[in-house]
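First, one chain by itself: the form predicted alone, in structure tokens.
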Amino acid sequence: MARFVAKHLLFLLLTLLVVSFLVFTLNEFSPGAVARKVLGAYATQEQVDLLTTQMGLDRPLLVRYVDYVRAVLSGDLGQSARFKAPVRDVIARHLANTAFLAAIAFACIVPLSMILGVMAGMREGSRLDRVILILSTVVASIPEFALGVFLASVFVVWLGWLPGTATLVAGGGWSVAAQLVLPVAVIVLFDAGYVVSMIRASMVEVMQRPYIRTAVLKGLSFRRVILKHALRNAMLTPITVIMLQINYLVAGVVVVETVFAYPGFGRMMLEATLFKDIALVEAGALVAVFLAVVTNILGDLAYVLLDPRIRA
């Protein structure tokens, strides 16, 4: 286990190093001077030249990259031009908001997907299986923005039951809890459809294994066969998919956050990109990659814990 953890931590560090260099280089060679992006389109050339010298942007790329890595390791991520605050504080605030939304959605997605996927997969071809499969396929096929607009049209415009935005500021007669209903519903419906299909497919495969038939022939109850023999083996493949949803819920819900004006990490990255906030884009990219690699490591670890053959 120690070797497993050490190998994956080394992979994490190498990935962050490569990504940081690529993002830093791409920002440097993107159209327009960096100083021009900071000052804006109406700054004079003299102002751009002066800021270029002050920021040390006239030095070689590798020298500036080494200085950037040293600053990151010391905790200095720079100043956000978009939010007029330290990048570290901006990312921490928006990441906390997204983590709050992701935790609620994840707590709904996992049990719902497991229940529906197992119920569908344990009796392949039944009416319940067909209904669950059709519903999961339909909701997973609808784009997030379309699903968000549809739910907002029904529950905000038509019925007037819920607010159309989720700014996390109570007001207008709407509580924060009411604001979270639609964003969570869109994420759960869109994501659970895919996870349900994966769990169902794995459950169908496990139910056709010889040891399942043997357990049934030995007289074990169907409930015991499912809980003691089928469920753990059926979760081997889906557990990786479930863990990867953490990365999606944190860094991939930019569409949902934009539709409902939610002050989260994805929307922050979108605004930083549109505003050409280089320091925030670079730091945000590192955070997103870090989360992606960590969720992969957690998925591999869960796979090892579920399957004794891998430990052997």
Partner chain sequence: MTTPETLTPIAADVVVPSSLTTPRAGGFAGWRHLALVTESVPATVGLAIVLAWALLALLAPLIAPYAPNASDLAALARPTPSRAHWLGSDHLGRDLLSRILWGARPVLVIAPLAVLGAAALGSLLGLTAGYYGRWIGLVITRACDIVLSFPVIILYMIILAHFGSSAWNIIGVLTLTKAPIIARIVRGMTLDLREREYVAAAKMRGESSLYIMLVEILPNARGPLIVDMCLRTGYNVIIIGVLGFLGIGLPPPDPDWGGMVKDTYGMMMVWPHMALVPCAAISSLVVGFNLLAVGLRELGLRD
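These numbers come from a predicted model, not from an experiment. Positions refer to the first chain, counted from 1.
Form predicted in complex with the partner chain: not shown, discussed below.
- Just one listed stretch, out of 141-149, 229-237, 209-217, 89-97, contacts the partner chain in the predicted bound form at the 4.5 Å heavy atom level, and that stretch is 141-149.
- Checking Leu50, Ala43, Leu61, Leu270 for any heavy atom within 4.5 Å of the partner chain in the predicted bound form turns up a single hit: Leu270.
- Proximity of Ala279 to the partner chain in the predicted bound form: non-hydrogen atoms within 4.5 Å are absent; the residue sits far from the partner.
- Contact annotation for Arg224: none of its heavy atoms lies within 4.5 Å of the partner chain in the predicted bound form.
- Contact check for Phe83: no non-hydrogen atom falls within 4.5 Å of the partner chain in the predicted bound form.
- In the predicted bound form, the partner chain sits within 4.5 Å of a heavy atom of Arg130.
- Taking a 4.5 Å heavy atom cutoff to the partner chain in the predicted bound form, the contacting residues in 285-301 are Ala285, Ala288, Val289, Ala292, Val293.
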